[in-house]
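Presented as C-alpha cells, the chain that follows is alone, the form predicted alone.
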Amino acid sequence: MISRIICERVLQKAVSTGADYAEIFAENTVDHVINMIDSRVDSVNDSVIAGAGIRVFKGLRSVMATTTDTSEAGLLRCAEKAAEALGQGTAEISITLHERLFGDIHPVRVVPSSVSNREKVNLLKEGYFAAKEYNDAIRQVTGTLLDVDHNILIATSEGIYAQDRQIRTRMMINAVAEINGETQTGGCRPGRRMGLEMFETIHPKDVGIHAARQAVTMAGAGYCPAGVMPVAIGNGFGGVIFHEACGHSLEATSVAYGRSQFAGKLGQQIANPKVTAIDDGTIANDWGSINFDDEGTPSRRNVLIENGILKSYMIDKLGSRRMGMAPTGNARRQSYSYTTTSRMTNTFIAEGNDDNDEIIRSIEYGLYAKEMGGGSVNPTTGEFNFAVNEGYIIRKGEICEPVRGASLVGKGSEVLMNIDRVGKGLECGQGMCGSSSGSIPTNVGQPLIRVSSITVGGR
C-alpha cells in the first residue's frame, strides 16, 4: 500500500514536535454484500474504505489525524496536523523501519472476490429457501451474504512495518413466524475468517433451518415468568454473558482509568473456582482472530481468569502506558477513522468437568437459556442485561416448554461467582462488538454452564 521509505518520512514528520511514539494505520477494505427479501435478490452492494490514520503519543497524551489522501504529500500533511496538535517541541527520535512477517495462521482457499455473484447468490438462496419453506407459520425471511477483504498496513516509530490481509465471510438468515396472531423472530449468523470454503462445513440449508425453527418455536411459546432462579446457559452464543458481564470490564479502555469493577484486582478471586476464561486471537480461521493487532503487536492467547483468579487484562499501547503493563495484542479498530482501543478477539469460558445432563438434572425449577441475544453492560458497575433468543422452562430436572420474552439481569462480579457448574461442548458464536473504536468482529463462546441464582426478566 505505502512504501517503507515513505512511511519513514511520514513518521519522522509526525514526531517532529516532540512525540515519543508515532504510528500509521492504513487500510483498503472492500465489502461485498448480497441481500435477499421477498424470495428475490434485493440488492448487491460493494463498498470501499480506504485511508490512513496517523497517531502520536507524548507521555499519556494522544492525538490522531486521518486522511483519505494516501499519497506521500497527503500523508505528510496529515502527519503535520497531528504533530501541530500535539504541541511545540523538537524531534528526539530517528526512525528506521524493518519489515516484519508475522506469518498467516488463517489460510484462505476460496477468495470471495474470485467467485461470481451467481455462485454467491445460489449459496444465499439455499439458506433463504430452507428457512422460507420450513413451516407454514413462516411469514418473512431475510438473508445476507457478506464477504470482507480487509487489507491493512501498520508502521510505527518503534520500527515496525507490517501488512496483513484479513478475509471474512458470513451468512445471516433471519425469519419471522406467526402463530395465533403472535409473531416472533429467529436467526442464525455464522461467520469465519476464511473464504467461501466456509460453506464446506457450515451448510447454508442448516443456517436457514436453524433460523426458522427458532422463530416457529418462540412464536408458539408462552411468556417467561419473572423471578430469581437458577439458569442453565447453552454453549455458543451463551458466551455473550461473559463477553458483556465481564469481558468489557477487563479491557484497558475501562481498567486504565479505574472505571472497571475489576480494576486493581489482579491475583484476586473474582469468579467461582470452576471458571477459567480466555481471550485468544490465534485460533485458526475463527471470526475474531488476527495475526497481529492494529498497533502491530502479535496476537496471543491471554488467560484472563484461571480457576476464578484474575490473571490478566486486555491492553493496548496507550493503556499500557497508563497501567505500567505490556500490551497483550488486543488493540483493535473498525477502520482508519477510529482511534485504536483495547478490544476482545475470541473470548470464551473454557470447558469444565461437569456433566451436561447432570447440570440440567440439578435444577428443580429454572430457565434453560439455549441461545442468548444481544446485551449491554456498564463496565464501571458491571450491571448488565441480556435478551434470551430461545429459552425453555426446566422442571424437576427436565427441559420442558419453550418461553419467550426472557431476559437476564444482574451484575458481572456477582454472576461470575454464581457460575457453579461448567460442562462440556465448547462452542462459539459470531457477532459484531461495538465500543469507542467502532464495530469489530468478535467470537463469544462457552460450554453449558449453570448460574445458581440470577434475576430473570419476563412476565
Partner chain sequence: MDFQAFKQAVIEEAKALGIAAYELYYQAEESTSISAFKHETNKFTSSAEGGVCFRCLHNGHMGYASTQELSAEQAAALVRRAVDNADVLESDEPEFLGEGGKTYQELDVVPYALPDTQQLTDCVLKAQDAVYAADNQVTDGGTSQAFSETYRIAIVNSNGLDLSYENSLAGVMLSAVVTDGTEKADSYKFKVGSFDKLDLGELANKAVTSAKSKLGAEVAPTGAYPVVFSPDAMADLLATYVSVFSSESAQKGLSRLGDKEGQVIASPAVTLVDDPFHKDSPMPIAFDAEGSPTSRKNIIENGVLKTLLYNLKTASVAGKETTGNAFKGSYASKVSIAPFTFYLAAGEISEEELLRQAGNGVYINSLGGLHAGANVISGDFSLQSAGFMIENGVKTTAVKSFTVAGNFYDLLGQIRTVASNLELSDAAGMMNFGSPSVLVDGLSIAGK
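None of these values were measured; they are calculated from a predicted model. Numbering follows the first chain given and starts at 1.
Another form exists, predicted in complex with the partner chain; not displayed. Remarks below refer to it.
Handout entry: Interface segment, criterion being heavy atoms within 4.5 Å of the partner chain in the predicted bound form, picked from 144-152, 159-167, 180-188, 273-281
Key = Of the stretches listed, the one contacting the partner is 180-188.
Practice task
Could you tell me which one of Met325, Val121, Ala350, Ile309 places a heavy atom within 4.5 Å of the partner chain in the predicted bound form?
Solution key: That would be Val121.
Problem - Sole residue of Asn356, Gln269, Asn385, Asn285 within 4.5 Å of the partner chain in the predicted bound form, by heavy atom - result: Contact residue from the list: Asn385.
Exercise for the section: With heavy atoms only and a cut-off of 4.5 Å, decide whether Arg395 touches the partner chain in the predicted bound form. Expected result: It does not: once the partner chain is placed as it appears in the predicted bound form, Arg395 has no heavy atom within 4.5 Å of it.
Exercise for the section: Report yes if any heavy atom of Ala85 sits within 4.5 Å of a heavy atom of the partner chain in the predicted bound form; otherwise report no. Expected result: Ala85: yes, in contact with the partner chain in the predicted bound form.
Handout entry: Touches the partner chain in the predicted bound form: Ser71 (any heavy atom, 4.5 Å)
Key = No.
Practice task
Examine Leu426 and determine whether its closest non-hydrogen atom to the partner chain in the predicted bound form is within 4.5 angstroms.
Solution key: Result no; Leu426 lies far from the partner chain in the predicted bound form.
Exercise for the section: Kindly confirm or deny that Gly103, Thr297 and Pro402 each have some heavy atom within 4.5 angstroms of the partner chain in the predicted bound form. Expected result: Not a single residue of the candidate spot has a heavy atom within 4.5 Å of the partner chain in the predicted bound form.
Practice task
Taking only heavy atoms into account, state which residues of 43-65 are within 4.5 Å of the partner chain in the predicted bound form, ordered by sequence.
Solution key: Contacts from 43-65: Ser43, Val44, Asn45, Asp46, Ser47, Val48, Ile49, Ala50, Leu60, Arg61, Ser62, Val63, Met64, Ala65.
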